[in-house]
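This document starts with two versions of one protein chain, written out as structure tokens and named structure 1 and structure 2.
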Structure 1
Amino acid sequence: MKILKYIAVLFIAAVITQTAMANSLTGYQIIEKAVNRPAPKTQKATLTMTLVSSSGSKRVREIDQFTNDDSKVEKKIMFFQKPADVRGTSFMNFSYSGDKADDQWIYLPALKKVKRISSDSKGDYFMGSDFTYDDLGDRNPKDDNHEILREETLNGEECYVVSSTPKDKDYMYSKTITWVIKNKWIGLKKIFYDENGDLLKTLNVIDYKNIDGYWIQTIVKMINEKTKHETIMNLSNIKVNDSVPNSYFSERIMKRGIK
């Protein structure tokens, strides 16, 4: 009987160990789940971008945003509507499911031409905001080495905290640290360090919603910790899986807008 009990204890211990191993995730898997969490095929929204200076003065820009995702490439296009000095400006981003880098374009009415964003320019800041062009795309998890630092509660949510270090030593950030909500796979916070390893920016997700079964970040704030300049992005009037044809995503449409 003692032998049988001993065998039973070993069996239970083995099952528990295997279950724990099966439930454990690597840093890479956590970031991959966050990047690839379920998303609607199409999305329409109004994006309000508020730029806040260190003195507290504000500039507000209103943008129409459209997204179409066919699982191979996510296409996003933005049309600036207000204020008058940026009206007619548009930006387009293609993020690919494979290893191909994002393609990005911007149209500036004063120049009357569409400019492709080169890889050397992706560290530039987008329209006076605290987001670089690279921040607006989807970084491939394979481009970084990921390490789980800990698990902790942030804003009432159980999160994995993952450190990501770029494999390319010349990348604009030397390291990022991301808080990812367990099971929802939403990035709740992200810290960026510059090339010298100094704290540069903090991204906080202020609000997120479940819209028709999809978790969507609706309000995010990026803070430049050195200049104390802030950018708040607020998505409203969100409609998912509505009609957003592929014809919206072209240089011709960037120039003339959607009629």
Structure 2
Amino acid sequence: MKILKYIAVLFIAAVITQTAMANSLTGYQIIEKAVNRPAPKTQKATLTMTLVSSSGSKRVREIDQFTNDDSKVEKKIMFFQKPADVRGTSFMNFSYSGDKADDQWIYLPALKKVKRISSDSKGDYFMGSDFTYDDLGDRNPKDDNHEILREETLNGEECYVVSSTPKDKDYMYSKTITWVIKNKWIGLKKIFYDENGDLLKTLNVIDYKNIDGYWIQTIVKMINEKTKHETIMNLSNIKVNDSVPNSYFSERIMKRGIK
């Protein structure tokens, strides 16, 4: 009987502790932990994007991408492999930790020259997918007001559910709701509402892996709830903290590719 009481006390204590911990974290802190969770300094991967129309027809894009993040600037270079008509195209992005806007260049093999492009249009959709450039980047938590809505279990994972409202009223989303897995600090689901407050898109993380100590989303699916168009992103051939030297991020490599 004493043992049962002891277990009951321990259980209650655990619940109280858990609740207290949750209560001690603000929505901002949860989103900040998710955005700033440990990330590798470098990453190589192949990104396969499958675009599925409402009628079920599929289009496939395949990209090799290399990233080097030295905490001041995150450099990314992407080489388009599929479909055939964009093969040889490359895209390079320098993202800065402060307020400085990203630098972006694109190399089009038909034109045989590297063009600087504006990074201002983060609301543009990436390669015909349902992801905007902003969806693919790490939005600064300070740009939104965050509020914990609840805690719930999703796909067997204990999650915080956080609502984020942009401080900039002209932002493309009026609100997002994010499910963040406790202790792993990785997003599991996100819902996007358009400027009118209507449901726009749903992002589901289908699979995620711990690769060399880093939690990485490997398969994600974005559905446009209005058009029923969907995009499945699959990250494969992932290598973290492998050699991705600064010389990869240059006009030379954009034109030539990486050998």
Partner chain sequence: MKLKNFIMAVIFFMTANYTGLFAQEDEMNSEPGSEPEIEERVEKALLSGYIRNYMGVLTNGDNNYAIIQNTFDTKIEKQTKNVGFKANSVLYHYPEKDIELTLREAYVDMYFKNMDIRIGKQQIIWGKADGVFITDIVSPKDMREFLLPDFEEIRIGVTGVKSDLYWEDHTLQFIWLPVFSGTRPPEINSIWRPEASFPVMPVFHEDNEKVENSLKNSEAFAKYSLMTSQIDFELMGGYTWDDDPVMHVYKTINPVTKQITALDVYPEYHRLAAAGGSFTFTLGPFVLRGEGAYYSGKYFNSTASELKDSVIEKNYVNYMTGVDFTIWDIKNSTQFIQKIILDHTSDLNDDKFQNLATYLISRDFLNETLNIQFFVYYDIDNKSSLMRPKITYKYADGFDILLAANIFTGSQGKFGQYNDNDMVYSKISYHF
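For residue numbers, the reference is structure 1: its sequence is counted from 1. Each form is matched to the other, and the largest set of C-alpha atoms that superpose within 1.5 Å is called the rigid core. This one's a predicted model, so the numbers in the text were calculated from it and none came from an experiment.
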item: Number of the structure representing the form predicted on its own; value: 1
item: CA of residue 178, rigid core aligned, shift of 2 Å or more between structure 1 and structure 2; value: no
item: Cα displacement of residue 81 between structure 1 and structure 2 reaching 2 Å, rigid core superposed; value: no
item: Flag for residue 109, CA shift 2 Å or larger between structure 1 and structure 2 after aligning core; value: yes
item: Backbone CA shift between structure 1 and structure 2, residue 91, after core fitting (angstrom); value: 2.8
item: Cα displacement of residue 252 between structure 1 and structure 2, once the rigid core is superposed (Å); value: 4.9
